[in-house]
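Given next, in structure tokens, is a single chain: the form predicted alone.
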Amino acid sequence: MSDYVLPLIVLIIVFYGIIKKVDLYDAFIKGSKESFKMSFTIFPNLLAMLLSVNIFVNSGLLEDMVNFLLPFLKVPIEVISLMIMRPISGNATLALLNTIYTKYGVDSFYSLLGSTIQGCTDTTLYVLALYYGSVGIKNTRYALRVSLLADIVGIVSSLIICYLLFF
């Protein structure tokens, strides 16, 4: 059934447009032009975010942070890396989570912990850079602090819940 959902949605939109007497081709072209304008608006913010993530990872700061936290947390390096990278990059944390799955198995405590962290946190810096940058908001006020605090609460909650339920 899932193979038919997207074509069904497209057909519903087409029939709705015909009923409302909308020129569908012109509306599609207009929407495509607007998407290109939006892409050019978002691109500098996205480029800056990708550059900063690469600088963070390649500078060795990530390794230093992991080595600092390693004695305090009784979890593997991959999980600590996932905790640190999650507010920065979703794709990087998915790759780290895949490494955890491959190394420890999908039903292991570390995999469950990594999955819980992935679900309890967000890519805060990416979201703020992309969405606030695309609409031109310069003063984020408390958004960064509150979002990072929510990520920390999500990580700590994940640790507590996983240790209580799965360890």
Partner chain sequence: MVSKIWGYFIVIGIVYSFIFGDVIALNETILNSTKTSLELILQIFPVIALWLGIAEIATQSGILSKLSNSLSRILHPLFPEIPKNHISLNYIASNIIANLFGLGNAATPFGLKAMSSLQELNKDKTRASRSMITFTSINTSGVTIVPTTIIALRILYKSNSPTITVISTLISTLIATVFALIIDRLIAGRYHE
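Numbering follows the first chain given and starts at 1. The structure presented is a predicted model; accordingly, all values stated were derived computationally and were not measured.
The same protein also exists as the form predicted in complex with its partner chain; that form is not shown, yet it is the one meant from here on.
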Non-hydrogen atom contact residue 70 with its partner chain in the predicted bound form at 4.5 angstroms
no
Its partner chain contact at residue 104 in the predicted bound form, heavy atom, 4.5 Å:
no
Can residue 166 be called a contact residue for its partner chain in the predicted bound form at 4.5 Å between heavy atoms?
yes
Should residue 92 be counted as a contact of its partner chain in the predicted bound form, where contact means heavy atoms within 4.5 Å?
no
Which residues within 29 to 54 place at least one heavy atom within 4.5 Å of its partner chain in the predicted bound form?
30, 31, 32, 34, 35, 36, 38, 39, 42, 43, 46, 47, 48, 49, 50, 51, 52, 53, 54
